[in-house]
Every structure is written in structure tokens, then in C-alpha cells.
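Below you will find one chain, with nothing else, as C-alpha cells; this is the form predicted alone, and questions on how it binds or moves follow later.
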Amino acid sequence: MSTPLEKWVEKQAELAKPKRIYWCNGSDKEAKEIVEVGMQEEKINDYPVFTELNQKTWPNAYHHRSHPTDVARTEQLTFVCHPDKETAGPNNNWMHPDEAKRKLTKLSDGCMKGRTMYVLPYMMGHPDSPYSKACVQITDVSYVAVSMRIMTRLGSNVVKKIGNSENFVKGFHSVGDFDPNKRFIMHFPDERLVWSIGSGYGGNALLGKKCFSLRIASCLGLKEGWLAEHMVVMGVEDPQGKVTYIVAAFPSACGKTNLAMLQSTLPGYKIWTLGDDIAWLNVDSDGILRAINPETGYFGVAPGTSYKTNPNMMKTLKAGKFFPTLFTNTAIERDGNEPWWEGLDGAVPEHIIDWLGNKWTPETGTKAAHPNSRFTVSVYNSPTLSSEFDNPKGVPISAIIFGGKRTQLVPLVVESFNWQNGVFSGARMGSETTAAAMGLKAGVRRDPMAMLPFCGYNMGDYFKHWLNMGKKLKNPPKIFSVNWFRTDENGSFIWPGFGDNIRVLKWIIARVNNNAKAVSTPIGLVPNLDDLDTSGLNIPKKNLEKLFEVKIADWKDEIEDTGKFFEQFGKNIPIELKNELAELSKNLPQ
């Protein structure tokens, strides 16, 4: 007799009509065979799905060139399909589940003809963790099958774990014919189902990633009393050997991965990485907030990654321990058959093939690597991987950090007065954009907790859920805001960033342990200059003072803009956040 899982797979096969069905077991041998299929049999836009790179300099590394129309998440084609629009909230595109199913069924009819349907059973989180979830995804492209092996705990043991249960997350994925007009990523939280067609890009196709581990999981967290967050999970070891665990949320292009794998410039301090993108936060039986990273890989942006900006990631990419490492839409240096991207160490090579497969020189006038070109690599390759990574219980969190990119206004680091005030700081966070960036209007793009594109329900209710989580905690973690990007009168960054961010983490840990004082301002607590370790840095005192300057008169526009942002959530915005905004506004000079 068929299990519920087998019945579901059979039903999807009847719709998609694949040439054959293959159940993945997650072995190293299987991964190599699927990569070989991608090199020899499958093509995308007339290119093999995989090409082998120089195995001496980049062991176990392969290159993937996606369809040229398929290079990033498509937020405008991403929908959350709750039965009613208010539950989805203004932060999501909404479509009624019945309408979405009709549309997707039509597009998916026969979408896998002539192809293999890979069945991918996987766990998000350690199999023994009370916080993990069993999942199954189907796909029709080797790139996704191999990528999911890197990014999740994929294996036939998950099929045994599911057994005769219907308690598993479902994911249907097909690249279809890559037609952007037939491209949709639909989420059905009530059914724990993601249905994606028309895209092979990681964020749209690796359904365990943003689709499940944030959008669907955030809805599960609301029902079950936990949080699914777009966060770094890391441990900071001090010279005495004590490790303090931190989670941190940053919008894109704010150095999230660099922080997760930071190489300290302070003697005796070490960073231990647990994750650079996803954190699931649960309250244990002792009232302690614990975090797990449900993933097992990094899906990072290549441009800008180098031995200067992130030496530990470069070591991870070259380790070659866990098979394979993938590079997507980077350029290729022809002479050495190596991946190349803007910002990589050394001079620009003479002979480059760009991400589209064309010969390229600096005079071409375009980027050689796509700005969103990516690497996919196992966390088990990382030299900074925490010994607690596979701990089913997760790690206890002592501090939560929210960050954004602001050239003025926001200090280098601010400690919130309490949990409610910290939730307020996360709810109003954002980054400055330029008119040229992503087609956005110049100004501040609000991105609460870095979750605006990923919260699977109304963010007004999400803020309330955050406030309620604080009430369940015996000793809530302290909440901080950071801003590495404040500039001087010449527009130059004041703070060196990168490895020197350990100095800010050192102060945060001192505050967690009540070992440092702070100065109270209307927006929170900032360091005394003497308490911030600036040894070896050459920053003029006036610039250091500017890093922590709070001129409340300058906050008028920020307060007004935050108020407008909150208004879109109507009655769903918690009264506590309205009160926090009113309190901050009260401090403005009349």
C-alpha cells in the first residue's frame, strides 16, 4: 500500500508527465552521477547545466550558467496564497488559493516531458532536533537536485522518518520552458506547500531556502510559537574561551555573510559560524531563546567576495571537502579555467568569458560576472564552523542585532532600552538606496528585521508575534542596532568594517555581561568612547564622536517615514509600536 508521500509524488508525476522518476538517496556517489548528467545530457540555453572548473585550484568546483532571464528572485511573481488577503498583508503579493491552483495546474501540465523528475527528501534542521521539519521537493533539473544536497540534509533516511505520516512540507518545482510570462512562485501556508514553475534560480527553485525556511516557516512559527528569521547565527569566543551566541539580521548588501565568517582583528577573539542566512528561534523549557540554522550550505553573492573582505569564505570555497561546490553566473578565466568575478583578489585576467558566454574585456562596458552571481557551498567546508552546528538543541542566544546601511543619522551601535523598544528598532530598520539600485526610488527602503520579502503573513501580526515571544523568555536577549556605513563630510566611511567589526561585538558582549557602561540617548544606549576598543585604529576623535552622535532634531523625517510605513498595516500594527514611535516623537524639539 502506498504511503501518503508516495501518493503525493505519483499525483505530481501524473500532472508533470516526466520521462522517469528518480528518488535521491543523498550519497556522494549519487551527487557525482547527477553532476555528470548535468555535464553530458542536460542543457540550458544551449549550454551544459554544469561545466567542470580547474580541479587543482578549485577542487570539486563546477560552473553553472542559468537562463539569461532567470538570474534573481522574482518578488513580483512570488505570491502567498492565504484564503484571505488581510492574512497575507500589504507586504505580500496575494492570490486566492483556488485561483493560484488553477493557474499553476495549467502551466504544470506536461512541464517535465522528456525529463527526469528528481524526488528530494530532506530535513530542515538536524534530524534529531525537536525544531526540525521533514520536507520533500520534486524538480526536473540536475542543478536543483545537486544544490539541495548542498543546502539541506538530503537523504533516504528522511523517507523513513516521514513513514506513513502526512506531516511533511511539499515542494513542486519545474523550470518549465523558462518563459518569464509563465513564471510563478506560489506559497500555500495552510497546506505547507510551495509550487514553483518557470525558474531555475536558487531563491525561486531551492524551495527549502527562502520559500520554506522563511515564508512557510514564519507562518508555522506564528501557529506553533517560534520565529523563522533571515538571520546570521554565530558564536563569539573571547580570550578566556567563553563563547557568546548572537543572531543578526541585515538587508542585502550589508555584509551579513562577512559578519558570519568574520576574521577578528583583535587578539584572542574568534568567530564560530553556525549560519549566514536563516535562523529558527525557539523558546526552550527553561525560557531560553535557542537558535538553529536549518540549512547546511551557503548560497552567497560572489562579486565582492575576496581574501580581503571574507578570507574564511574564500577558504571555504577552495576546501573541496564536501562534493560539490557550484558557481552560478560568474565569469570564467579562460587560461586557467577558473571562476572570476569583480572584487576577486589580484589583477583582472587577460582572457575572460562573461556570464553570458561571450569574450569580455574591461572595455566591454558591462560586468563580466552577473552582479547577482552566486556560489553554493557546504558549511562543512568552512574553517570557522562551530562545534555546536549539529547540536539538535541549538545554541542559547544572548544578543540580537539589527543592521542597515545609513550614511548619516544611525550610530555605529545602539542598545535598545528593552525588548519592546528593540522590536521597534527592528520594525523600522532599513537601508538607503539610490535611484540606480534595483529600480527603487532613492531614499530609505524599510525592511523590518530584513524580513519584508520573506514574511509569509501580515507584518503587523508578525510584529505582535515578536512582542509576544519576549513575554515567554525568562531573560530576553538584549537587542542592538548597528550601522557600519556612516560617512564623514567627504563621503568616506568612518568605520573600517569587516574584521574590525569584532570591536563592536566586543562591546555588545560586555553589555550582555554587564561589564560596560553606556550613554543614554532618546533612541537607545550608546558606548562611552573609552569603552569601545579602538586600539590600533587611526580614526580622528571627532569622527569617532560622529559615529555615536544622536541629534534628535535630525530624526524628524525618520519618525514621519516610519509612521507612514506603519500606517499601511492599519489595525494590525501593535499599539506598543505606536507608543514607541510617539515616545520618540515626543523628544523632538518643538
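One-based numbering along the sequence shown. Keep in mind it's a predicted model, so treat the numbers as computed, not measured.
Keep in mind the form predicted together with a small molecule is missing from the figure; the text below concerns it.
Here is the short version: of W360, F454, W507, W466, the single residue with a heavy atom within 4.5 Å of the small molecule in the predicted complex is F454. Of the listed positions (P448, P324, G275, G202), a single one reaches within 4.5 angstroms of the small molecule by any non-hydrogen atom in the predicted complex, namely G202. Contact annotation: N391 falls outside 4.5 Å of the small molecule in the predicted complex, judged by heavy atom distances. Using a 4.5 angstroms limit between non-hydrogen atoms, R374 touches the small molecule in the predicted complex.
The small molecule is not shown here, and in the predicted complex it never comes within 4.5 Å of any heavy atom of Y131. The closest non-hydrogen atom of N157 lies beyond 4.5 Å of the small molecule in the predicted complex.
Here the chain stands alone, but in the predicted complex its contact with the small molecule, taken as any heavy atom within 4.5 Å, falls in 206-214 among 393-401, 77-85, 206-214, 160-168.
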